[in-house]
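One chain is shown next in structure tokens, namely the form predicted alone.
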Amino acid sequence: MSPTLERRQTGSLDLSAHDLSMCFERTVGRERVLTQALQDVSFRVRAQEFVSVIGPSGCGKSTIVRIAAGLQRPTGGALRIGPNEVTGPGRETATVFQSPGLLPWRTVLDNVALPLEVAGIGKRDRAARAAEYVELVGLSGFSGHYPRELSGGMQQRVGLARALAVRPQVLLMDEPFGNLDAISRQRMQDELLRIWEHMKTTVVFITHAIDEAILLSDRVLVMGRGVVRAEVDIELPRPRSRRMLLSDERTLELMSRLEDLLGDADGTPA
């Protein structure tokens, strides 16, 4: 491990959901319609664990992330980061979404430094920390570039660096590579593996891709409509590479098992 990466290691906390429910209300014509996005969901992500959540569209995966990030309050149950219930945005978590949401008028360095600025960290200190994380994601030669000058994959690296710069104890990732082409997606998966192996931050990762979940995760939660249908341990050695997984017969067994579980989940009645 390089000295630079070693300095970047941070503490991690567990994340736990306890009978978590979420109900949305909308108006259709003159009627109020209730949609049950989550129903009595319980699970735990251990400190330093990388857990992916997969499931059909509309099953509640992103709702879990928004609740964990403090962006939505559940209608039932609770979600805790460490011993504390999440009741709003906090410094323990950082979130990477499918769109990096960069400010077009700020450079790469200034985008990464933004949450540090909001946190009241002094200009010199936040610039130094932002530069560290820009380097960590492999963009130190692009610190002065603007988002329009970057590829989609590079923009997502900036989003990842911005999230990591606050040194979260739980990193939430909501389909962060969903908008990337296949090659960029593979590169970002490799980068995330490299970074996580050194930092060991607790990660909750939302994805539709079974192969991505297997490559990255210690464990995979399979969701149906608003419920967790199964938990599957990914008992493959680390550090991992795509080539290693393709040559391991256990990978095919895991893919087949997860595909079967997803098929069952997709048929779950609303």
Partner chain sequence: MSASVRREQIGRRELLRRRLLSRQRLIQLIVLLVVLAVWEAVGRHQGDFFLAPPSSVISTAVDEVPTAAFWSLLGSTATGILLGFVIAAVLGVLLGVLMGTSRTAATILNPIVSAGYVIPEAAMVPLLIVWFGLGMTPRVVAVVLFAIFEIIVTTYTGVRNADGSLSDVVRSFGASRRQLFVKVTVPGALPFIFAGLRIGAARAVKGMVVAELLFAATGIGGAIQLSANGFRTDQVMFYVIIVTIIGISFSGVVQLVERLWMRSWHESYRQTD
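Every value quoted in this text rests on a predicted model; they were computed, and no experiment measured them. Positions refer to the first chain, counted from 1.
The same protein also has a form predicted together with its partner chain, omitted here; what follows describes it.
Engineer: For the interface check, one of 193-201, 100-108, 173-181, 75-83 should have non-hydrogen atoms within 4.5 Å of its partner chain in the predicted complex; which one?
Structural biologist: Single hit among the candidates: 100-108.
Engineer: Quick one: does Lys123 come within 4.5 Å of its partner chain in the predicted complex, counting heavy atoms only?
Structural biologist: Because no heavy atom of Lys123 falls inside 4.5 Å of its partner chain in the predicted complex, the answer is no.
Engineer: In the predicted complex, does Arg46 have a heavy atom within 4.5 Å of its partner chain?
Structural biologist: Contact check for Arg46: no, nothing within 4.5 Å of its partner chain in the predicted complex.
Engineer: Decide whether Thr95 counts as a contact residue for its partner chain in the predicted complex under a heavy atom distance cut-off of 4.5 Å.
Structural biologist: Looking in the predicted complex, residue contacts with its partner chain include Thr95, since a heavy atom lies within 4.5 Å.
Engineer: Considering non-hydrogen atoms and a 4.5 Å limit, does its partner chain approach Leu114 in the predicted complex?
Structural biologist: Yes - in the predicted complex, heavy atoms of Leu114 and its partner chain come within 4.5 Å of each other.
Engineer: May I ask whether Pro89, Tyr146 and Arg162 each come within 4.5 Å of its partner chain in the predicted complex, counting any non-hydrogen atom?
Structural biologist: Yes: each residue has a heavy atom within 4.5 Å of the partner.
Engineer: State the residue from Arg66, Arg242, His208, Arg229 whose non-hydrogen atoms include one within 4.5 Å of its partner chain in the predicted complex.
Structural biologist: The residue from Arg66, Arg242, His208, Arg229 that makes the contact is Arg66.
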